Ligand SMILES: NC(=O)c1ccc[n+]([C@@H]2O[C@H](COP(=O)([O-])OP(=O)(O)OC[C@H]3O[C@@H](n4cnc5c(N)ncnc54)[C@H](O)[C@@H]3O)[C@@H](O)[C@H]2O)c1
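The data below hold one chain only, encoded as structure tokens and taken in the form predicted alone.
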Amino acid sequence: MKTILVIGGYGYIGRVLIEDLTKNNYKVINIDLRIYEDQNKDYNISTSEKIVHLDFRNTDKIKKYLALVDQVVILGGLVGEYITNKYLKLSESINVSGIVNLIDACELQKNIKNLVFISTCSNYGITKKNVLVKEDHELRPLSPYAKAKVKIEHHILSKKKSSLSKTILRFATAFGYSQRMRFDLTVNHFCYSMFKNNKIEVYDPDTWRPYCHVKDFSRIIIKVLNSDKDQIKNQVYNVGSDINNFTKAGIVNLIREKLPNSKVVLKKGGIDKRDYRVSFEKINKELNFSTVYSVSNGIDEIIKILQSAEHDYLKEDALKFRGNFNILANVK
């Protein structure tokens, strides 16, 4: 049984990944500071998962766990434009300095064979219309979140002589169900608002972005972990699919097919200026990876969840499902 360390395994993607890892006979050490209120509820925890409540910036304490594992996946950090703008200094400490130190600590552990760093397609910022950008395209990050990801990518790729196999995965925008649900992501949020309120305001509806289901993210991480080291070392991959490149208007139109009574108001002048379409040719060809879930599949899934009496999501404000941001005032 392989032993893997997942940094940030109590998050939206992390809960899906760890469930799949344990099903694939991995023993998992999950390190997470659990800074959000909704991370304190009970999840379906496998006996193969060891949960460690720890700030990954504390490299002295983390070293003992690094000595126990074969592979490392870094999901952790402050996620998104809103929270990284609100806590700029803390974001720099966690998303840049903290992760750089963690990667350097992994470099010193001869037992660790693979490290997977989760980056983002948001690194592309704004690109020319009708161009599918590849991994070698110029990076133009707009938010502190994406700028931090680019810094970490540069740090990783600057150490090409390292014996540690490091792989960078630039994720598309996530959607779909997770035990640790998020409704502040485009597809999930649009479904939520149109289901609960029968209306939504969509800013800059013609801007493009790629989307990918959390289950497909989990699939590619596991595939990379099991790939030949020489094939994936120091490689960067966009993760998603060409068919899931959508405008906001395109997503709304798909949802309206399921919720025809919803009122949609399209507006200009939104805060989020990102606008990019992404090519996934490299990951298709080199790793023979293609996604399973379409945006339409994800919409069906989310609407079904919202209709289920087992969940109380509709009692809350969707954008509060990340938990109480103010708790970060206690994180130094």
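Since this is a predicted model, take the numbers as computed values, not measurements. Heads up: residue numbers just count along the shown sequence, starting at 1.
Keep in mind the form predicted in complex with this ligand is missing from the figure; the text below concerns it.
*asked:* Which is the contacting stretch out of 240 to 248, 108 to 116, 77 to 85, 223 to 231, given heavy atoms within 4.5 Å of this ligand in the predicted bound form?
replied: Among the listed stretches, the partner-contacting one is 77 to 85.
_Site check 213, 254 and 296: each within 4.5 Å of this ligand in the predicted bound form by heavy atom_ = Looking in the predicted bound form, the three residues 213, 254 and 296 all stay beyond 4.5 Å of this ligand (heavy atoms).
*Contact flag, residue 13 vs this ligand in the predicted bound form, heavy atom cut 4.5 Å*: Residue-level check for residue 13: yes, a contact with this ligand.
*With the cut-off set at 4.5 Å between non-hydrogen atoms, does residue 173 touch this ligand in the predicted bound form?*
Residue 173: yes, in contact with this ligand in the predicted bound form.
*Considering only heavy atoms, tell me if residue 36 and this ligand come within 4.5 Å of each other in the predicted bound form.*
Residue 36 belongs to the contact set for this ligand.
*Even though this ligand is not shown here, does residue 185 get within 4.5 Å of it in the predicted bound form, heavy atoms only?*
Judged by the heavy-atom cut-off of 4.5 Å, residue 185 is in contact with this ligand in the predicted bound form.
*Heavy atom within 4.5 Å of this ligand in the predicted bound form - the one residue of 180, 189, 258, 140 that qualifies*: Only one listed residue qualifies here, and that residue is 180.
*Report the residue, out of 55, 49, 301, 275, that has at least one non-hydrogen atom within 4.5 angstroms of this ligand in the predicted bound form.*
Looking at the other structure, the residue within range turns out to be 55.
*Just give me the residues of 84 to 115, first to last, that have a heavy atom within 4.5 Å of this ligand in the predicted bound form.*
The one in contact is 94.
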